[in-house]
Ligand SMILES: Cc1cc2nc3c(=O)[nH]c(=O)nc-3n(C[C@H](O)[C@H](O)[C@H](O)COP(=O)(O)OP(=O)(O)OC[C@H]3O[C@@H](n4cnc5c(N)ncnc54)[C@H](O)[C@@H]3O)c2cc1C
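Only one chain comes next, encoded as structure tokens, the form predicted on its own.
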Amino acid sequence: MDTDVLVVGAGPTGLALGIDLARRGVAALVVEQAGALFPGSRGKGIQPRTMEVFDDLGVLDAIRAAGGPYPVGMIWQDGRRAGEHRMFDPAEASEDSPYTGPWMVPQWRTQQILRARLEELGGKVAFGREVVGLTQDADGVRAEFASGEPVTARYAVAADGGRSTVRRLLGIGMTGETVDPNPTLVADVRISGLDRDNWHVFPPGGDGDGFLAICPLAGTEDFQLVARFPEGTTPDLSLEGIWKVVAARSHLAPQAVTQVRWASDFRPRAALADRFRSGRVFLAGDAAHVHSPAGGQGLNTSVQDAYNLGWKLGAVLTGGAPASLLDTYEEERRPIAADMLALSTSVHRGETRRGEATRQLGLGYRDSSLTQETRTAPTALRAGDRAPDGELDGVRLFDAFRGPHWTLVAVGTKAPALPEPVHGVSGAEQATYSKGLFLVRPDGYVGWAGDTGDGLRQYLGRAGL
């Protein structure tokens, strides 16, 4: 084999997976059809749960430095400020949830940060590698490219977007719906005449002109411009085309837009792959689920696909875990993706606000075959739930979790002897965890919970520990 894992696609999903595999000592190659990283701001909202993931992957400080909080929306009418609009329901930070709302970072910058971390860990991205053929057998996968030598790997992951070539080659269908038939233009522009303290919203006028929103992109000099068009039209992505939109829908002069740095158009849709796996090939990110951008769920759900799959591939390839552990990837992630698709669509249609659900802190795997709750009287925190932050005997729990290992949290209960790959932290009872033993998976979810250590060894054996 040329590598253990071939990751097709160098978007946030593929890069996050490459990082997770690299820190586990798994040989992985990330290939990208394009000649460079994606240049646009498209997926600009990083939700609190993904901030926790980025903390573990070692990129949180860079992500925080590169972005900022979302600005307050400013509604304009006839060239005058007509009122404010808050896009997201407010939330207070707490000991168990340190990150409260989405953090704005343009997608191109997030990808630069992830690539730098991947290379810091010894990984790399091979650009200009277009997959044109894929075969597999009981031992591995062989990928053919439009140019260059083929690559063989023990496993492959399709992280190559909503129009995934790998998904097509595997013959996996996608079931979905059009969320909105109206085409939408999104562009990164330089613009004058607007402050950077607000997200500027120009509602549709009585004469039929469409919606326009112009949002300052934190950490840059750019604005993201979003414009909605009538069904059946094709947006003009040129500078002159954007001048016309700005002039028709706002009080700004067309030449206020001085530069178009990136532009695209799309029709919001929601779609879910019929399967997330075919033999030794897995689907992740947009290759597995395509979201409306409303609510900021797409990139976040995608990164968390990678976070779920990375530790499982590592456990099978280097940790002695049975290959059956990989069956839990689709079992756990496909229902989550389906729920997030429904949420994104509901937000897009104005049926749901951007609040607690969009932060993704409440997602979990209680129904997974990999989850085992053995306590006689479980508390609010149960096996399958996200393991909260907090402090136990002077140790911050997120600090204890950080890294590719498992962690046993012993609260008011004596911890049993543990195999070397499992770290331990213990202390008196505390509010979030109450009393008991909580085995936290490498991806920050409680896999097993018990009053005593009975059954813990058997559970660890399933993960090859």
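Throughout, we count residues from 1 along the sequence that is shown. None of the values given here were measured: they were computed from a predicted structure.
Only in words, not in the display: the form predicted together with the named molecule, which the text now covers.
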*Is Q33 close to the named molecule in the model of the complex, meaning a heavy atom pair under 4.5 Å apart or at it?*
yes
*asked:* When the contact criterion is heavy atoms within 4.5 Å, does G45 count as touching the named molecule in the model of the complex?
replied: yes
*Applying a 4.5 Å heavy atom distance criterion, does L299 contact the named molecule in the model of the complex?*
yes
*A159, heavy atom within 4.5 angstroms of the named molecule in the model of the complex*: yes
_For the interface check, one of 299-307, 316-324, 252-260, 361-369 should have non-hydrogen atoms within 4.5 Å of the named molecule in the model of the complex; which one?_
299-307
*Candidate from S97, T220, T345, Q107 lying within 4.5 Å of the named molecule in the model of the complex - any heavy atom*: Q107
*asked:* Can you work out which of V281, C215, L381, V131 has a heavy atom no more than 4.5 Å from the named molecule in the model of the complex?
replied: V131
